[in-house]
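Just the one chain here, laid out as structure tokens, in the form predicted alone.
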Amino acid sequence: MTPETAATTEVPKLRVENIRKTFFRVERDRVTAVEALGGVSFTVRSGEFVSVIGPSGCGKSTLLRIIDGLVAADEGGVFVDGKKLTGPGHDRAVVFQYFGLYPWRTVQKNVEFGLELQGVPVAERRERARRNIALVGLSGFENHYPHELSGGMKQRVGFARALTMDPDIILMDEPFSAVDEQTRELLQEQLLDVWEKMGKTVVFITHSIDEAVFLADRVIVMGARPGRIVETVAVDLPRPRTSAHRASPRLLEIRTHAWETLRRGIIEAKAGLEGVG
């Protein structure tokens, strides 16, 4: 079998196939249908880092929740290693925009929480939690409470909690948008360091084109609602990536292309709506 043949026959880690989703909103005595996703399909290879960008309201977060099994699609399916998903599972973990930490639990206890629900023995869950707390650079903060942490530290606790579940796929929904720009850049670089060490498959939702390009192997560009994929942009920058890559001519070239693709999709969607009106 040639490398080309192997590439075409390899089962992707994640396959999203023709996902459609409509929500219904009640306003007074009237029910309005809001089409969030209009047929989204893509694949992600094992160990690949894929970013998803798109205008506000295009269904990015809805798509992520469908992949995680928190929301059911109206049509289409999500497949992991070729198997169709029917709901949440231990093979996926989500890191949300807002930290979601329990204020009455320490860092250690927050990171252990998922394992505790699974009935993992105390000694094992403590060790797994400590290992991942160290991996995200929070050794020495195990006994601190969330109110004693900065925003960036809280987000690292959330990331450690996801890693402790040992998922195949990590889904990240604008995880760095609630922190300042300097912290955001540091968290991006730390995320890449952890990702390169662990080899997890990552789907990363963001509004920031710069962030999407800096982090990813590919950037999926979605158009305005109902969300559809306009283009997938390959990011052929070398790894490992450092702060020096942020100003590289190639990154700026890819960023410009991604922005023009996103901008074109928004303009075309608006023109279509005006035509309907």
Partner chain sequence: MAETVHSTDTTPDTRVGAQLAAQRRRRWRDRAIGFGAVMLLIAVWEVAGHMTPDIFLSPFHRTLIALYSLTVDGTLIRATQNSLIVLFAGLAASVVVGVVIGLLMGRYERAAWVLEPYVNGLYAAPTIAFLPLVTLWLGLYTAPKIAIVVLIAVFPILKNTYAGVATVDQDYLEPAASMRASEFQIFTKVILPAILPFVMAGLRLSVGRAVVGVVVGEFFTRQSGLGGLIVQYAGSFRTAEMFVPILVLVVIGAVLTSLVGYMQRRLAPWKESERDPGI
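As the structure is a computational prediction, the values presented were derived from the model and not from experiment. Residue numbers count along the first chain shown, from 1.
Omitted here: the form predicted together with its partner chain. The next part is about that form.
Contact here is defined as any heavy atom lying within 4.5 Å of its partner chain in the predicted bound form, and by that definition each of 90, 96 and 156 is a contact residue. With the partner removed from view, the residue among 116, 74, 189, 166 that has a non-hydrogen atom within 4.5 Å of its partner chain in the predicted bound form turns out to be 116. Although the partner is absent here, residue 101 is a contact residue: one of its heavy atoms lies within 4.5 angstroms of its partner chain in the predicted bound form.
Using a 4.5 Å cutoff between non-hydrogen atoms, residue 143 does not count as a contact of its partner chain in the predicted bound form. Residue contact with its partner chain in the predicted bound form: residue 196 places no heavy atom within 4.5 Å of it. Although the partner is absent here, residue 68 sits close enough that one of its heavy atoms falls within 4.5 Å of its partner chain in the predicted bound form. Proximity to its partner chain in the predicted bound form, taken as heavy atoms within 4.5 Å, picks out 175-183 from the listed stretches 175-183, 202-210, 127-135, 75-83. In the predicted bound form, the residues of 122-151 lying within 4.5 Å of its partner chain by at least one heavy atom are, in order, 141, 147, 150.
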